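Next up: a single chain in structure tokens, the form predicted on its own.
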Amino acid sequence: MKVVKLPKSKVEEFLSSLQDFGEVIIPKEKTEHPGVYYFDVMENPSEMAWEYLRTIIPPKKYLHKPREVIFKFHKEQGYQEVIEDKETKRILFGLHPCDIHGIKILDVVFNRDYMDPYYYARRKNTVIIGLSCLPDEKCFCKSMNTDYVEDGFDLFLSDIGEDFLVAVGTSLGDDLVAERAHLFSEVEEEDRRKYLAFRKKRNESFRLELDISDLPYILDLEQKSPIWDELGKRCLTCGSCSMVCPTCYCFNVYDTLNLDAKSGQRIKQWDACLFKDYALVAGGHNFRENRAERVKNRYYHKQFRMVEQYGKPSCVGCGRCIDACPAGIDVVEVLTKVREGSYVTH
């Protein structure tokens, strides 16, 4: 893998130059809520929140949109397919390793058996530039093996003090560097030592751990455990954890009719397996009417069925669900208690 060095003094120039490619999305801090971050279109490089750790909503919102029109229909004219942002070139800048792994999982889900044309129309026009980070008390990406990336990015920036080491992951990433060659320099031996020191510091900074060894097997044994009923009493099934999750991909499809009663749109919108009507089918039967069953389903999908189907869990350890849950449910605590065979309500 090719690695070059970018001085921090030239980072804003680098960011500005990326606008030549297309729309640049960066993490920003909410002015009215210090310490709260979100991804948004860059207007000025100075808006970049280099210190951010996690955003409210993950960058998946630019690929798998929260709500989009997928076609329009008319009684006389038939229907017209719509793919929103189809031609928009976009750079997702500053993604941490966990979010890059999240997109890698979505790439597989939306293309393994049936390709989602709406997702991939945007995905093929999207550049991913990653950024290193230091964990807090809610990060457990190291336990999920998502604390580093070897692929899934075009460029990846690692902070080594006064400079960034820039790993080039694709030919497009190589082009982005080559077109701005005056901003970069060769990596020196001192830079390598600084990177190794950063990796050591990062590895020692993790405070939250989750043992996932043989976890699918344990979950298989614990399907009838009273743990799920206890958890169901706490969970509000509000869906907040699904909305902020980098890998939750469920969606609903419905039609809306215009006032002329002749035309309308078909809408694709994020959905969540925790919602009461998620498993409701024709005839009024609900396969998971009980709240505990819906909560259990979410955990089993992430850590059991995804492993069966794709060979790895769909949790990336970003900590967003822990941060967002109004009931204070901690996924690490839950799965640790499942492993121990006990659960204590609060």
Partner chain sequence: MLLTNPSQTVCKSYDLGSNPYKPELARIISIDPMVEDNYLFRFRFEDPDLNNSFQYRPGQFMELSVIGVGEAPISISSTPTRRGVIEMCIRRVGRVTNALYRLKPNDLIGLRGPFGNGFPVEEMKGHSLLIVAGGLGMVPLRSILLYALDNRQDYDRIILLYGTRYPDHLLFRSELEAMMYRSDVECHLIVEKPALSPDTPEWRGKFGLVTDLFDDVKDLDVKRSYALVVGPPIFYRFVLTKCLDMGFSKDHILMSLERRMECGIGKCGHCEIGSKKVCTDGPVFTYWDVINLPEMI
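Note that the coordinates shown come from a computational prediction; the quantities given were computed from them, not determined experimentally. Positions refer to the first chain, counted from 1.
Unshown form predicted together with the partner chain; subsequent notes refer to it.
So which of Lys200, Arg192, His74, Lys89 reaches within 4.5 angstroms of the partner chain in the predicted complex, heavy atom to heavy atom?
None of the other options qualify; the answer is His74.
With the partner chain left out of view, choose which of Gly152, Gly232, Gly239, Pro135 has a non-hydrogen atom within 4.5 angstroms of it in the predicted complex.
Filtering the options by heavy-atom distance leaves Gly152.
Contact test in the predicted complex: Lys30 vs the partner chain, heavy atoms, 4.5 Å:
Output for Lys30 is no: heavy atoms all beyond 4.5 Å of the partner chain.
Within 4.5 Å, heavy atoms only: does Val109 come near the partner chain in the predicted complex?
Close contact exists here: in the predicted complex, Val109 approaches the partner chain to within 4.5 Å, heavy atoms only.
Any non-hydrogen atom of Glu81 within 4.5 angstroms of the partner chain in the predicted complex:
It does: once the partner chain is placed as it appears in the predicted complex, Glu81 has a heavy atom within 4.5 Å of it.
Is the gap between Gln309 and the partner chain in the predicted complex 4.5 Å or less for some heavy atom pair?
Residue-level check for Gln309: yes, a contact with the partner chain.
Triple contact flag Cys250, Gly283 and Phe287 to the partner chain in the predicted complex, non-hydrogen atom at 4.5 angstroms
Affirmative, all three are within 4.5 Å.
Quick one: which of 137-145, 159-167, 200-208, 252-260 gets within 4.5 Å of the partner chain in the predicted complex, going by heavy atoms?
Of the options, only 252-260 has residues within 4.5 Å of the partner.
For the stretch 267-284, I need every residue with any heavy atom inside 4.5 Å of the partner chain in the predicted complex, listed N to C.
Residues within 4.5 Å: Lys268, Asp271, Asp277, Tyr278, Ala279, Leu280, Val281, Ala282, Gly283.
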